[in-house]
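Just the one chain here, laid out as structure tokens, in the form predicted alone.
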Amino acid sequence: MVLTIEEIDAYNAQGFVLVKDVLNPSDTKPVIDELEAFIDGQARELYDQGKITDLCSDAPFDVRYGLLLKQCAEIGKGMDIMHMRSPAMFTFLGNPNFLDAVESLVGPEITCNPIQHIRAKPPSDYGSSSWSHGVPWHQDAAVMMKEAENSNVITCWLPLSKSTIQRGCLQVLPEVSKMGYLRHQKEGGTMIVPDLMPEIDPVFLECDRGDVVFISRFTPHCSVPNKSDYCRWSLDLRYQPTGQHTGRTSNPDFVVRSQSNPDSVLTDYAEWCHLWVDAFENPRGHSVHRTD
């Protein structure tokens, strides 16, 4: 789905844009199926170890993880893109429907930035989960090296289940991206220094599966605690023009679309897995947060 001129203009003016129905259910179903299988496998291992007593097998996708977390915090161990390295996730990173929208903002030579995550935000009172209690105001430029400040890295936030105010949806500060990078601190998690926070009313971005929120690296955003009984599932992905600094040289980036050099596109799932395994087994490069 190509973005409209109005949506591109909104992104450039506001520093973000919420685009409805970018994806079809069939685009994200394989990813959700893999997540469900992973959680089920984790649950059965913990059950065999006596760490949980109820598999909650009949609970739906956006409920089961929270119920399992209530019983054992280990349920989420290893549940991220670079650790799971699942085939459906690799395929989705190059999904044509999705990349058509990304291309509208970064151009036809597209690299998948190495900063990418699966986010499971369970109800805040269901147990130990750093995401359930909210994330402080920050810019994504703060989790990248300073050398990438001029790179056009676009954050793509994709809900895999309903994201509402009650479930702790994203909040953003419009037009602040024009101010560039704001100094961050470590205290309280990587966050904008409170005295530097602009006095602007936040916009709450309620959205659903199939929608995509595109966010500038300089747009302050946060989320509040999940006060519902449902888990807020999402993918946090980043894309950029090929050749620009990724901001995290310790982890692998790869080309997902190229008009000028189609052979540069990584289509080999085994090679993608190898890149991540090699990054973990042979550490090099840098992974830093820009905090005082």
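Note that residue numbering follows the sequence shown and begins at 1. Everything numeric in this text was worked out from a predicted model, so none of it was measured.
Although not depicted, the form predicted together with a small molecule is the subject of the following passage.
The chain is drawn here without the small molecule; in the predicted bound form, the stretch among 250 to 258, 59 to 67, 45 to 53, 231 to 239 whose residues come within 4.5 Å of it by any heavy atom is 231 to 239.
When contacts are judged by a 4.5 Å heavy atom cut-off, Ser104 does not count as touching the small molecule in the predicted bound form. The small molecule in the predicted bound form comes within 4.5 Å of a heavy atom belonging to His138.
The small molecule in the predicted bound form is not approached by Asn226, whose heavy atoms all lie more than 4.5 angstroms from it. Shown alone here, His184 lies farther than 4.5 Å from the small molecule in the predicted bound form, counting heavy atoms only.
Of the residues Cys112, Leu173, Leu170, Met144, just one reaches the small molecule in the predicted bound form with a heavy atom at 4.5 Å or closer; this is Leu170.
Shown without its partner, this chain lists Ser86, Thr155, Ser151, Asn95 as candidates; in the predicted bound form, only Thr155 has a non-hydrogen atom within 4.5 angstroms of the small molecule.
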